[in-house]
Structures are given as structure tokens and as C-alpha cells.
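Coming up is one lone chain in C-alpha cells, specifically the form predicted on its own.
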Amino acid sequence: MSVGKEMPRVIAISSGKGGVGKTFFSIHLAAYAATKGHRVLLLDADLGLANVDVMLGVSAKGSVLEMVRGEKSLPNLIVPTKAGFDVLPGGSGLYELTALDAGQQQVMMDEMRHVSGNYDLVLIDVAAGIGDNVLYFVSASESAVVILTPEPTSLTDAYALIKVLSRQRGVNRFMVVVNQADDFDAQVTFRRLLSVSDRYLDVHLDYVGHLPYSPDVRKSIQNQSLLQDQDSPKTRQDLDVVLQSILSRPRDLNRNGGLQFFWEHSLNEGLQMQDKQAGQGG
């Protein structure tokens, strides 16, 4: 990281179960942030079942497995997109990636450190559920977003994810998005999640919005393209409101896990070295 530069903001996008639109939101958040002038890296951390590159219609240069084995460096795996942001594909069909060991996590941390100065925002699209990789990446991030739908199973699994992250990893602040729901259903769903969380957990849930069901969303996924204003102006407008809400939330610089801690430590070391050199020069 270049000395004197603010750490990139790191946001993890998670969900208790699959099929709730997590990757759709991750991709569009990256594209939206890029239109606002942010330099964005989207890490597909659904390792072993990665699909960000598929949804975007881009060709991966390799897999994260090659990086954690030391066979390729991260810059050689990053793929630029037409939407103005970069993607680090996660690798699909690779069982070895489903649970990184401590050494592999450290390799990834080192690689992320080397490129962090190139970005203002790092988005991590983690796997659904409560696997080891999920807990690692979310706890390593500055901010956590949880995507759910009004379905009872989605609500139950979202609570389970928040519970495990809170009790095992000390993550106690979450932004919540309700997908495939009108305003009434979204509010009811969030209040149910908030009620049980307030009763049993010491967490803060921040409702950042909802997105109604739209066939245009499914069509954009099938076409491996981003949702366009001209194709679905109302849905695109609703989506942008949620994305803006996420980006407008203040940074949580009190988080001290994983990537944030590592980058802050590196930044402090750099500043100390700069001060020492300045003192010697004087």
C-alpha cells in the first residue's frame, strides 16, 4: 500500500441461503460504485462454486487455487470488466477451495495487500451459509451486508448467519437488504429479523432497503449482463436507491479483523518509516 493513502473500504456481501440475489447485488454494487468514480475490486469468494465471471460473461485467467498455491500472483488473475471494475474470479468445481487453511488465508492476505493501493473499494461476494470461508471473509471485512428474501427459510438462515458471526467472530454490525419483496413485505421481514436478533443477540441491524421482484432481473442474469436503465427504468431506479444507501453509510473504522487490521498495520509501518526517513534527512 502506498504510504499516506487511506485503506480501501472492504464490504462483504453475504446470505444465509443461496438463491436470494447475493451475487446480483455484488455485481451491481461494484458497477454502481465504479460510476461514482471509485476504483473497485470484486472478489468472488464463493470459492469452489464461483459464478461472478459467468454472470458477467468474462473469461477467468485462472483460479484462486493457483494463487494460494503460489503458482500465480493476484494481479495475473484479475480481470477488468466493461462496467469499469475489476474481478478476481474464485474458481468453480474446486473442492480444495471450499475451506482454506490458515496458510492459504495468509497467502491471500499477502496478495490482497500488494494490490490494495490500486483500489478505493473491495467488495467480497462470499458463499451462502456459515462455512469457514464465509466466517473468515466477513470477519475480515470492515462492513457486512446480509441479503435475504421474505421466505421463512431465508429469514431463518439469515438469522443463523448473523448469530454465528456475532458469537464466534465478534461481528456485531450488519446492513440488511430484503430482495424480491414489496415495501410492506420487506418491512415485515426486517422487523421479524430485528425482533429475534434484539432478543437473543448483541448486534446492530441497519436496514438499507429492498428490491421488488422483477422478471427483468432474471432476464439480465440469463443474458449475462447488467440491468440497464433503458430496459427496466423502475427496477434500475429501485436498485440504485439500495446501492446508494450501502455506499453512503459511514465507514466503520473500529473494525479490527482480517484485511482491515492487516492493511492498517502495513499503513502504520509505512508512516513510521516515512517519519524515520524524514528525521534522518533533517
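Computed from a predicted model, the values in this text were never measured in an experiment. All residue numbers are counted from 1 along the displayed sequence.
Form predicted in complex with a small molecule: not shown, discussed below.
*the small molecule in the predicted complex: within 4.5 Å of a heavy atom of each of Lys22, Asn51 and Ile221?*
All three within 4.5 Å in the predicted complex.
_Quick check on this chain: which one of Gly117, Pro212, Gly131, Gly209 has a heavy atom within 4.5 Å of the small molecule in the predicted complex?_
Contact residue from the list: Pro212.
*Sort through Met55, Ala60, Leu65, Ile246 and report the residue having a heavy atom within 4.5 Å of the small molecule in the predicted complex.*
Only one option qualifies, and that one is Met55.
*Out of 35-43, 22-30, 65-73, 246-254, where are the residues with a heavy atom within 4.5 Å of the small molecule in the predicted complex?*
It is the stretch 22-30.
_Thr189 within 4.5 Å of the small molecule in the predicted complex, heavy atoms_ = No, Thr189 stays farther than 4.5 Å from the small molecule in the predicted complex.
*Does Leu226 reach the small molecule in the predicted complex, with heavy atoms at most 4.5 Å apart?*
Outside the cut-off, so no.
*Give a yes or no for Gln180: in the predicted complex, does one of its heavy atoms lie within 4.5 Å of a heavy atom belonging to the small molecule?*
It does: once the small molecule is placed as it appears in the predicted complex, Gln180 has a heavy atom within 4.5 Å of it.
_Test of understanding: in the predicted complex, would Val217 fall inside 4.5 Å of the small molecule by heavy atoms?_
Val217: contacts the small molecule in the predicted complex.
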